[in-house]
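In structure tokens, one chain follows: the form predicted alone.
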Amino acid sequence: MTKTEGQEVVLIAVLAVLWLALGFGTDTFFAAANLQNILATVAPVTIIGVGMTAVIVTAGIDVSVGSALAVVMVVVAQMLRDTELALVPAILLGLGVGGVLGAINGVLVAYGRVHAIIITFGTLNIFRFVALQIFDGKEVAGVPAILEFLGGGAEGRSFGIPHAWLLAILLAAGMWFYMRHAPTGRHLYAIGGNAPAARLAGIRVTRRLVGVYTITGVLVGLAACCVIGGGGLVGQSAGTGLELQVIAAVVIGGTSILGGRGSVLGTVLGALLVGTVTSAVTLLGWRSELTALFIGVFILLAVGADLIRERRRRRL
């Protein structure tokens, strides 16, 4: 069993204990409506987390995903409201806008040779400014329910399971296969382990970096469509704090923040853990601030365990 697989087993055990405890401690945790709400809420985080896993495996990071989501949401929502945009064109628009924003990050990171957290912190603020300019100080109301197929409502479920969650699982499975079995997918681990050595080995590091950030942007666009499909107003705070939830899911899932090691399956489990903690705090009537506290503790434990493993590896 690899170290990443060991982390996944631990997460499955933690989730099982939490779910059993909440099942016995509350009357509504295992209610269909609550489980559907958890999956629908976690789906956008998981979708973006699929791309973020690849980014962090390359020893990068993208803290701009929340602001990028806001840009996509306001553009798509206004187009849906002001034109007769159908489902597929709306999704393609979201994917396109998200892909452009992701490509901007990728080009800046790959060619700027500055750490990704600096680059994406800058674009976080730029993308948020762009979103606010498009919002023009107003919420986007009256958005047609064209994207409800990807939302968490009755029209967005099959056999009781949200379509967005099914899509997230399919994307996670595809990325898992790509990173495990495709040569270019294995290159991502080599880049995260030692980028200069990867270049000497003939790996096109620059192209791979641009690619993973672009893919993450595309997935941000898809996640934005899912959030819009959930209904309600599209406000200026859209996406605020999302980057922390996504990074938490990836890191808790066992992807090394130092790069070179990670698992998409772990990210899915990490996202479920984040969603479970959020639901538990609500159902138990605790203060909402405790959600951030618990997630922060999980992140510190995961990062601490990763650093300990890395030190042991270097001693061998």
Partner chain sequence: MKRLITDRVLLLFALLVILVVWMSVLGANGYLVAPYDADYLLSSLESFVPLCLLGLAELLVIVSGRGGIDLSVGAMVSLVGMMFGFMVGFWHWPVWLAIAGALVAGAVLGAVNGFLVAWLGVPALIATLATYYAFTSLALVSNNNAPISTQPIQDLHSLTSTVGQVPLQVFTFLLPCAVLAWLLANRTNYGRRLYAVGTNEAAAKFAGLPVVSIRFRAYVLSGMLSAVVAVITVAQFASARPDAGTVGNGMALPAITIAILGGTAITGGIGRVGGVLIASLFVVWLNAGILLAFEDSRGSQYQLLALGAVLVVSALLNRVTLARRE
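Positions refer to the first chain, counted from 1. Rigid core here is just the name for the largest C-alpha set that superposes within 1.5 Å across the two forms. If you're wondering where the values come from, they're calculated on a predicted model, not measured in any experiment.
From this point on, the text means the form predicted together with its partner chain, which you will not see here.
S.K.: Find out whether any non-hydrogen atom of Gly122 is located within 4.5 angstroms of its partner chain in the predicted bound form, and reply yes or no.
M.R.: The answer is yes: Gly122 has a heavy atom within 4.5 Å of its partner chain.
S.K.: Please check if Gly25 has a heavy atom lying within 4.5 Å of any heavy atom of its partner chain in the predicted bound form.
M.R.: Taking the distances in the predicted bound form, the answer for Gly25 is no, it never comes within 4.5 Å of its partner chain.
S.K.: Is there any non-hydrogen atom of Leu265 lying within 4.5 Å of its partner chain in the predicted bound form?
M.R.: Looking in the predicted bound form, residue contacts with its partner chain do not include Leu265, since no heavy atom lies within 4.5 Å.
S.K.: Ala248 versus its partner chain, in the predicted bound form: is there a non-hydrogen atom within 4.5 Å?
M.R.: Heavy-atom contact with its partner chain at 4.5 Å: present for Ala248.
S.K.: Heavy atom within 4.5 Å of its partner chain in the predicted bound form: which of Ile117, Ala86, Val100, Leu92 fits that? Just give me the one.
M.R.: Exactly one listed residue reaches within 4.5 Å, namely Ile117.
S.K.: Looking at 165-173, 106-114, 92-100, 211-219, which one sits within 4.5 Å of its partner chain in the predicted bound form if you count heavy atoms only?
M.R.: Going by heavy atoms within 4.5 Å, the stretch is 106-114.
S.K.: Counting only non-hydrogen atoms and a 4.5 Å cut-off, give the residues of 53-71 close to its partner chain in the predicted bound form.
M.R.: Residue within 4.5 Å: Ile61, and no other.
S.K.: At a 2 Å cut-off on C-alpha positions, does Ser279 qualify as shifted between this form and the one not shown after fitting the rigid core?
M.R.: After core superposition, the displacement of the Ser279 C-alpha between this form and the one not shown stays below 2 Å, so no.
S.K.: On a core-based superposition, does Thr291 travel 2 Å or more at its Cα between this form and the one not shown?
M.R.: The answer is yes, as the C-alpha of Thr291 shifts between this form and the one not shown by 2 Å or more after core alignment.
S.K.: Once everything's superposed on the core, is Leu300 shifted 2 Å or more at the Cα between this form and the one not shown?
M.R.: After core superposition, the displacement of the Leu300 C-alpha between this form and the one not shown reaches the 2 Å mark, so yes.
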